[in-house]
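Quick heads-up: it's one chain on its own, the form predicted on its own, in structure tokens.
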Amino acid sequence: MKLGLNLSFAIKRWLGGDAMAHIVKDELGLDIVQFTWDLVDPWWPAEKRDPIAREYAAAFRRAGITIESTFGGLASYTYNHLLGPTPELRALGKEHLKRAIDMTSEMEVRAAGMPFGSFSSADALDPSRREAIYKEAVETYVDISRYAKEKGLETLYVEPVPLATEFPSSATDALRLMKDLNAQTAIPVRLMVDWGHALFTPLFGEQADMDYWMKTCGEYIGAFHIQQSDGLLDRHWNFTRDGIITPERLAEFWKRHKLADQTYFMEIIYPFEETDEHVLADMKASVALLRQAA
């Protein structure tokens, strides 16, 4: 398995490029990461933001760590972005992604992504409003793709989410979005499929199945987020806990589908109150379990 690390586990803990590179390379023994915007906020003023972002990137390069992509985190996920209920909110969503692309370009990273957006409760229940906002969002994203290409990016990622008020949530929604976007975008757009989202049984029922996702939209899946879950909520637990997404299940899926280029990014989110010592020990144990299964 090609194993990488979303840096969500480290927010509020190991800040700064050298400190983070030491944890990733020396403590966990990994050399592929996905940089979360929770560490550097795209909305910070560029003249102060970009030197901080570049410092992370430079430290990782010195340590032999590849940043495959940057990605929206907890903070970014709280907003409606391109599917917001008003033109003003949707415009801010566009600006948010453009600023993240600017930051990603400054880091000399060639891919960035985030969830597409979420409807308001009222719009989610109105089919005509959903469709109108969706079509506008697709046009906006195509424009963003041109901007990303100008900034040197080669790929954009969209993460499906486990809420019916968001888009895309289901595999069929994801397939529709990929076809609608890639018919027009200046650079490829791919899916960042989160196992905990895809296996969310209360929403998807029998279609909460990764083989179903591969059959439906596998040609567009560029990478995965992996974590432990019970299938009942979006847990983002580590693999040291019991659940339905075991290291063995991940390894079997990888081999059976003959995956090679995609990365399994561990996206583990701890309570902020947890001690740094526990988080680091737990991450080490989980990496060992995944390597043993592979």
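Only a predicted model underlies this, so the values are computations on that prediction, with no experimental measurement involved. Start at 1 and count along the sequence shown; that's the residue number.
Keep in mind that the form predicted together with a further copy of the same chain is missing from the display, and what follows is about it.
Visitor: Contact between Gln184 and a further copy of the same chain in the model of the complex at 4.5 Å, heavy atoms?
Guide: Outside the cut-off, so no.
Visitor: Just checking whether Tyr77 would be counted as a contact of a further copy of the same chain in the model of the complex - the rule being heavy atoms within 4.5 angstroms.
Guide: Within the cut-off, so yes.
Visitor: Does a further copy of the same chain come within 4.5 Å of any heavy atom of Asp41 in the model of the complex?
Guide: So Asp41 counts as contacting a further copy of the same chain.
Visitor: Indicate whether a further copy of the same chain has at least one heavy atom within 4.5 Å of a heavy atom of Asp18 in the model of the complex.
Guide: Result no; Asp18 lies far from a further copy of the same chain in the model of the complex.
Visitor: Quick one: Thr240, Pro247 and Val279 and a further copy of the same chain in the model of the complex, is every residue within 4.5 Å by at least one heavy atom?
Guide: Judged in the model of the complex, none of Thr240, Pro247 and Val279 sits within 4.5 Å of a further copy of the same chain.
Visitor: Determine which one of 134-142, 82-90, 207-215, 186-194 lies within 4.5 Å of a further copy of the same chain in the model of the complex, judging by heavy atom distances; exactly one does.
Guide: Among the listed stretches, the partner-contacting one is 82-90.
Visitor: Pick from Ala63, Ala251, Ile52, Leu30: which has a non-hydrogen atom within 4.5 Å of a further copy of the same chain in the model of the complex?
Guide: The option sitting close enough to the partner is Ile52.
Visitor: Note that a further copy of the same chain is not shown here; using its position in the model of the complex, name the residues of 5-39 with a heavy atom within 4.5 Å of it, in sequence order.
Guide: Ile11, Lys12, Arg13, Trp14, Leu15, Trp37, Asp38, Leu39, in sequence order.
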